[in-house]
Structures are given as C-alpha cells and as structure tokens.
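This document opens with one chain alone, in structure tokens, the form predicted alone.
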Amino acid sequence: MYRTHNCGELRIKHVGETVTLAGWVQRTRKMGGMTFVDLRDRYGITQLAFNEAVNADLCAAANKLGREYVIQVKGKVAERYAKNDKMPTGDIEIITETLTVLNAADTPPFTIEENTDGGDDLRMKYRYLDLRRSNVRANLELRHKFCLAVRHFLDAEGFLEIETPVLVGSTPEGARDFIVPSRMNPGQFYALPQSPQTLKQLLMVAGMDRYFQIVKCFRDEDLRADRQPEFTQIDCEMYFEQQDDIIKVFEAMTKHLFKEIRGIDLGEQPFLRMSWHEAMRRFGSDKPDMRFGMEFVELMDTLQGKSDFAVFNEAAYIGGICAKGCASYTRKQIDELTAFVKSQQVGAKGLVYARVMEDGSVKSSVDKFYTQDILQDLKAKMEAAPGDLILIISGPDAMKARKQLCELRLEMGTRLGLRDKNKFALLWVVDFPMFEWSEEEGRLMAMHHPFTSPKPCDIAKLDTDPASVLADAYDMVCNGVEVGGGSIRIHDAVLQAKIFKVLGFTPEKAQEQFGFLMNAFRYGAPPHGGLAYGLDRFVSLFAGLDSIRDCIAFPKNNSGRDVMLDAPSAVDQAQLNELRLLIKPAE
C-alpha cells in the first residue's frame, strides 16, 4: 500500500509505530548532519527526519528532493525534540527508513504556501497547483460541508432533490444567454439555463410539493468579484405556501448553516425585515450592510433654497451621512474621498463636507454659501456631535445620488473598520417594485423575472398604473450581499398573460417563448413560490473572502476566460461546417 496514515493524523500516541506515508514535499531543511523534510497531503504536514550518521545514502537522497516531489516514505514515529505547537502533528516526526520518489517535479511557478508569491492570473493558470495551498483547499472543504448541511436540512424538511436539464430553450427576457448550436437541428439553438425557474414551476404543477437542487446556472454577463459566467444555486420551490411560510423555512436553514458550519448561534428571533423603499431611503441600496449605522439623512429642507449655491438648489436629492469622530480627517483624506466619489465606479460630481468642531461650531467646504445658523441646523438634522464629519452628496437624479451616497457609506465603513468579516447581519428585503423602467429597451422590465406574482392587492393596478405595482418578492441579505432571492410565483395563465402584456410581449411572442408554462397552468397549477441561494456567494461570506473565485475549484478570470484551459477558444472549421455556422468578422 502507498500509505498507512495520512500526513495530518499522527500524534504522540503513535510513537514507536512503523508507518508509511505518501505526499508532496513542502520544503527541505539541512541542519548539520540532519535533513528535515515537510511532507504534505490534503490532511496536513508531517516532518520527516534523515540522519546522515545513521544512513548517509538515504540522507543524500533526501537532500536531492525538490519542492512538490511526490514521495513515499517508511519509518518509525518518534517524539520531536523541538516541538511545533502551530502544527497538529508538531509533537512527532518520522525517523525515515526508506524513501521512494514516486514522481519528480519541476520547480513550481509560485510558492505553494498560504501566503504565496503568485499573482491572480498566474495562480489561475496553474489552478491545480494553487489548490494544493492549505487555505484554498480549506475553502473547498468548507463548500463541501456547506452543501452537505444544506442537503441534510432540506431532506429533513421533506424536499426532494431533482435534477433539471442543462440544455434548454432561450429566455432572453433576463440576462444574456449562453447559446449552444444543435447539430441535429440545423439553424436552431439550445441555451444554458440562467436558472431552472420555469422547470421548477413545472415540478410544482407536477405535484412534487418541495423541490431543491444544487445546480449550475449560466449568464453571459460582465464579471465582478461576486459574479462568474457559471455559478451554483441552491434552488428551491414549494407549493401551498405563502411568503411568510417560505421565509420561515429558509430562515431556519440559514440559522442551521451558521450553527453547523461557523458555530454561530443566530438565536430564536426572526431576521429583520425591511421594505425595498425603506432600504433605498435609509441606505441607497436594496442590499444594505447592516453591520454598522451611518444611515442617510435627507437634507432637501435643510439646504435647498437657503442660499445661492446652485449645486444644491438644482438637485433632486441632497443626502448626508455622519462619520463619527472623523472631523480630524486631513485635507489629503478629504481629497481621497472626493476622488473616490468622482471615480467612474461611483460617478458623483463632487463631495461637500462639514466638520463639527470641539466648540460646537461647524466649518464646511461651502462656508461662503451658508450662514452658521444654517450649518447649525445641518448639525442638528444630522445628529452630529463635536468631532464628527458630515459628508453630503447631491444630484439631479435622486436614485443615482442615493446609490452614490451608498458607495461612500460603504467606503467609510471599510475605512473605519466597521465591516468585520466575522460579524454577520442578516435581513429580508421585501415588497420590491414589480417593474423597473429600462432606458435601453424603452419599456418596463421585470425587476426579478416575469414569473413573479404581484401583491394580490396590486393586481388591479396592472391595467392602470403598472409602475406602482409591488411584487410578492423577497431577498435575503447578509453583510451587504444578496445571498438569496425569491418570490411567490404566478400560477394562473390569465395573470401570466397580463404580465407579459405589461412587459411588451405580443400574445404570439408570449406563446412562442413560454407557451409550455402557460399551458401547464391550465391543468391545475397549485399556488407556489420559492427561493434560490447563491452558493458561491454564501460560501465566500462564510470563508471571509472578498471574491467568490477562491471557493470555486476552477473559476474564470475577470474577462470570463479559463486561463488554465485557454477557453473560450476557436473551433475547427469542420465543426463549424457541421453546425452550419459562419463566423462574422469583427466590425
């Protein structure tokens, strides 16, 4: 056999035993007549000892080992003279008797250490080496445990895990689809699913009651730290349940996951709930980070029309946040904040600030426009104390200005150390608008998806004022990240047709794209609803990561490329001919 034990399990109780280990060489150290080798596998590291005085040939062979060589050793477990309390195996070492090189290795392009010298692109290119690093491997182990805990919980709650197809029809109403040409049906295409949305609804029509699936989904979107072209959802659906019933189940699952995976007891109290409109008013975001305060204060009545400062007088929104204890910020720090809000990422025109001095007076960047009395009103409205810094953003578009102030709030939270990755604040955001206006499309679009049910009390407004209709939708937010979202679904073909009409679908187009679903509703569809968690996002939060890439075994880079496999790539002309495809040159 290659091994009797793994490299992480030997302890003092094994002293005197003869064992066989196999693994990778982490490092070698020559100390006088002794050579020490750290042998690593998935489970840990064990120190091997070679004594030149006992076996010179064996010691010489150990000195020739390079990093990442795959070796097998046999020897006796002994108590270490110099113990290492930072390693689980730090009390013992192996007095090596035999050494076999199973595979030599080239020098790796970066160090296989927790703190590596490899950059992101290099690590992605050699991802199979990056995965040997203990901290990256730990993320995948966490993901595995997370999935097991999800399955155990949902199974106990009566959910069935049911697989749905990966090759489906295109539904361009959402994000861009990944298109797959069909060789057997020339000129026709499959799409990779953005979500199993309609399929899980059909499972409800089929009477499956409680369904879930840990499923791959695909969206041809621009990427960022928490988005990949392929991602994994914990997809769930239930019938004969209303919003509160669904929230109760998945709140319980979330508490179960925190307790099982992180050892955190979130208590018996239900999570905070906040309407979409309240979240936008207080935090400028439908996924507010509730680990800290610094709520928005609207300042239109306080500052607009009180001077000839045109920036405020012409604004549709003026809002501020109070940064406690930051009045001592230097001019350089203020300039950094101004540059931040004016960056392409945020897009504000500028930043107004006001310092509350120790004597209670207020000094601001707009002193020449406002009297001290008005600035004192500002201080009172902001509930600012001596030593605080007031930061104000305004703009002609209220929604954009709120979002810009949100970015500033998050930046200040980061600078002040208020976004602790080991602290978790969860809430449900509910009562979303059903539709949002798309300038690009020139029409109303579904804020979630076209299968979300409107609030029953708002259905009559679909004919008269669809923009004011609220959706029976809910998102779970953790630390400013949307980790899950869902809704009560439409189960009536007439209502579904009305929603398609509001979205600009002709009856023919609706039937062409979604006739299968509306037809199914005619055969006794039960009321139903569900939710999908972003598995990658949730695991990355549990792992304290800034990007979801390190909790995915083989992720894409920010350009959507797999630099390890060099994909996407061109295909052979014979394949294109077989699929009857022509490549149009770039314009």
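Nothing here was measured: the structure is a model prediction, and the numbers come from that model. Don't overthink the numbering: it's just position in the shown sequence, from 1.
One more form of this protein, predicted together with a small molecule, exists but is not displayed; see below.
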Choose from 333-341, 84-92, 273-281, 483-491 the stretch whose residues reach within 4.5 Å of the small molecule in the predicted complex, heavy atoms counted. 483-491
Test of understanding: in the predicted complex, would residue 200 fall inside 4.5 Å of the small molecule by heavy atoms? yes
Although the partner isn't part of this model, could you tell me whether residue 233 comes within 4.5 Å of the small molecule in the predicted complex, counting any heavy atom of the residue? yes
Quick one: is residue 532 in contact with the small molecule in the predicted complex, heavy atoms, 4.5 Å cut-off? yes
In the predicted complex, residue 255 touching the small molecule (heavy atom, 4.5 Å): no
Listed residue that, although the small molecule is not shown, lies within 4.5 Å of it in the predicted complex (heavy atoms), from 304, 195, 513, 365: 195
Given that the small molecule is left out here, which of 125, 219, 262, 455 has a heavy atom within 4.5 Å of it in the predicted complex? 219
